[in-house]
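Listed next as structure tokens is one chain, alone, in the form predicted on its own.
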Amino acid sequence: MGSTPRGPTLGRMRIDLHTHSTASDGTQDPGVLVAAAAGAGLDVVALTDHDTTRGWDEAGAAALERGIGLVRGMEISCQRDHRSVHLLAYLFDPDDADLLGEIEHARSSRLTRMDRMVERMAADGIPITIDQVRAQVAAGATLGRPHLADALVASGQVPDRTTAFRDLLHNESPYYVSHYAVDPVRAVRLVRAAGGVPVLAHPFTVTRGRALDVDVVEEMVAAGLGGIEVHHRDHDAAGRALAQDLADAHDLIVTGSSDYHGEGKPNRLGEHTTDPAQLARIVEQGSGSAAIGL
């Protein structure tokens, strides 16, 4: 299905393939995010909200209006051995029943998990309520830790999201509660079956706890992994080198991106970008939905 024929063809373009809107845990509506991407000098942006495609229509309309390319995507929350793994999925069929089933299971699990995290904080003397957290969530958005972080900021407990995650919400925190998440190998297979292109997000981060084991990446490759996010602010030089080595060894698509969430996080649109030739591989492989403006 590839793309809709509009706008410039791939060539010398600035491409950011990892951003979030209010459809999940970003602070800008999908259309505002796309406008901001155009204003930042990007030629192509991907909307990859956590476990939802709710922002696709609004982002698509804004992309057509602004003359910027849009890659429809999603970031799937996965887990292996109590370690979070994030999988970016591009150009898949948003109505695929098997993929939707896993996403809805994860979304439901997040709701009960947040109640328990708030209860743990309250028991430890941190004055936060579930109603304060829900007040930070846009209608229909996927509830997640960033919304708890925003509630902590709003109540004056911490100055910003970054501090909230560093001090209170990281995976080793006494307040952390896990939620259901699909195994990353199964997620790769589900994305491929839905006509999409699975790309492993920031696997060797130095800021989010224990880095992903290479053996797991190899399993994902065998299941059909299409690419790996090499250029990301959470990768140090060693992490980038390891990701690039895996890409070279398995002929994986190499991406770079901002992981932009809007206000509250330091990530900036276009701070890392993807080579147009790599995006062309995604567009060529994706058959479940169309990119806009490419």
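All residue numbers refer to positions in the sequence shown, first residue = 1. Quantities reported herein were computed from a predicted structural model and do not represent experimental measurements.
Quick note: we don't show the form predicted together with adenosine monophosphate (AMP), though the next part is all about it.
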property	result
Location of adenosine monophosphate (AMP) contact in the model of the complex, chosen stretch of 213-221, 192-200, 98-106, 144-152 [non-hydrogen atom, 4.5 Å]	144-152
Heavy atom of Arg72 within 4.5 Å of adenosine monophosphate (AMP) in the model of the complex	no
4.5 angstroms heavy atom contact with adenosine monophosphate (AMP) in the model of the complex for Arg110	yes
4.5 Å heavy atom contact, Phe204 to adenosine monophosphate (AMP) in the model of the complex	no
Proximity of His261 to adenosine monophosphate (AMP) in the model of the complex, heavy atoms at 4.5 Å	yes
Thr162, Gln157, Ser173, Gln136 - the one with a heavy atom within 4.5 Å of adenosine monophosphate (AMP) in the model of the complex	Thr162
Residues Asp25, His50 and Lys265 all lining adenosine monophosphate (AMP) in the model of the complex, heavy atom within 4.5 Å	yes
